[in-house]
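One chain comes next, on its own, written as structure tokens: the form predicted on its own.
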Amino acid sequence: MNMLVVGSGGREHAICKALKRSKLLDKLYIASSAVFEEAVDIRYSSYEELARKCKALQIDIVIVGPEAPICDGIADIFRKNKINIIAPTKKWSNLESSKLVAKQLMSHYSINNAPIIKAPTAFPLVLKADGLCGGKGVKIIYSMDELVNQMEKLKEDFPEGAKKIFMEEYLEGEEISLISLWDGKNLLHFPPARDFKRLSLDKNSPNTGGMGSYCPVNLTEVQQDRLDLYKTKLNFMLSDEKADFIGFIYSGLIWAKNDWYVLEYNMRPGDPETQSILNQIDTDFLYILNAAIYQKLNEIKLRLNSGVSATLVVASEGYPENPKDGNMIEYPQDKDIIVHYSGVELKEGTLYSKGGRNLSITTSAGDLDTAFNRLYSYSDKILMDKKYVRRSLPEN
């Protein structure tokens, strides 16, 4: 099979590596300026042009990673051109591009989510931008002054995503990421993962796109039972709404009040959770994607590797607000470490940082501490000026 991956981050690099391991793969292409050695890059000026190139290259399946092309309606264009694409339609991208739309749908199907606050009477509370803000549109607020300042900052930093801003009840507890694949009839759930949004353990540190992750997450019997109930509700919601797309849905969940609450939906696999999850599953990833195209995900039985899979993000100093670009990156080869490219560029054979998160490094081990200690040790060997990694990742 010929495959095309759209996107250029660590998530897409992990997808490319997983596809490259498949016995079903013939040729692999990447629709971006990514410097992944696993794939041949395709440049394009419009999604219509990319669709024409897919037909010429006889692409069997397209899989989309980032939110921008999904919310722009790439799936609608490719479906019109009869190209198999794993990405939600523009209509269903609204679950990610509008948090208020998502909350309305969840409430209709009795899916737990934090109540909206009309007026601030107690702190902390959560301030959210309704639209897309690159994972940085959520602020935990501890005072009225901070509320006013952060509202203005959201509007300034994200003029489109923050056209609507709302407040909701602050929930505190363990968080997990549930990534599921919908084929139009069946929902396949990958093992729960946990990622780390804050830049550091400091409660005042900013939210980021994610500084690390691990998979699977150990749940209590009660947590697992309630998660199974949530899965049933999610499946019913998609079925009852006649969701006519093939694609991923990411449920950001928090354990509060003895139940799971949905913090957010993303209509794509998470980053850096994808890096950990794809390293954890032993089932051929392309086999899974092909089953989704033919609405046969109910026949897939996921095989998992033993132990845990963990990922650490290597970012540029100043991330997420003012990352320092242009730093040369060199990293050693290590059979126990998988290196994924995120914000990087290649100049005359040398790798340089470009963007906030530059690399994500992944490993497998028998336990969480061993895995992260190995990643910390390896990150120390990466030659890169002004790099930053978050320590103490196994804590929320």
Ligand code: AMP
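This one's a predicted model, so the numbers in the text were calculated from it and none came from an experiment. Residue numbers here begin at 1 and follow the sequence given.
Just so you know, the form predicted in complex with adenosine monophosphate (AMP) exists too; it's not on screen, but the next bit is about it.
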Counting any heavy atom within 4.5 Å as contact, can you tell me which stretch out of 168-176, 225-233, 303-311, 240-248 lines adenosine monophosphate (AMP) in the model of the complex?
168-176
Does any heavy atom of Asn207 come within 4.5 Å of a heavy atom of adenosine monophosphate (AMP) in the model of the complex?
yes
Please check if Glu264 has a heavy atom lying within 4.5 Å of any heavy atom of adenosine monophosphate (AMP) in the model of the complex.
yes
Contact between Ala114 and adenosine monophosphate (AMP) in the model of the complex at 4.5 Å, heavy atoms?
yes
4.5 Å heavy atom contact, Leu95 to adenosine monophosphate (AMP) in the model of the complex:
no
Between the options Cys71, Leu147, Val126, Ala291, which residue brings a heavy atom to within 4.5 Å of adenosine monophosphate (AMP) in the model of the complex?
Val126
With adenosine monophosphate (AMP) left out of view, which of His189, Arg79, Lys90, Lys197 would have a heavy atom within 4.5 Å of it in the model of the complex?
Lys197
Residues in 134-157 that come within 4.5 Å of adenosine monophosphate (AMP) in the model of the complex by at least one heavy atom, in order, are Val138, Ile140
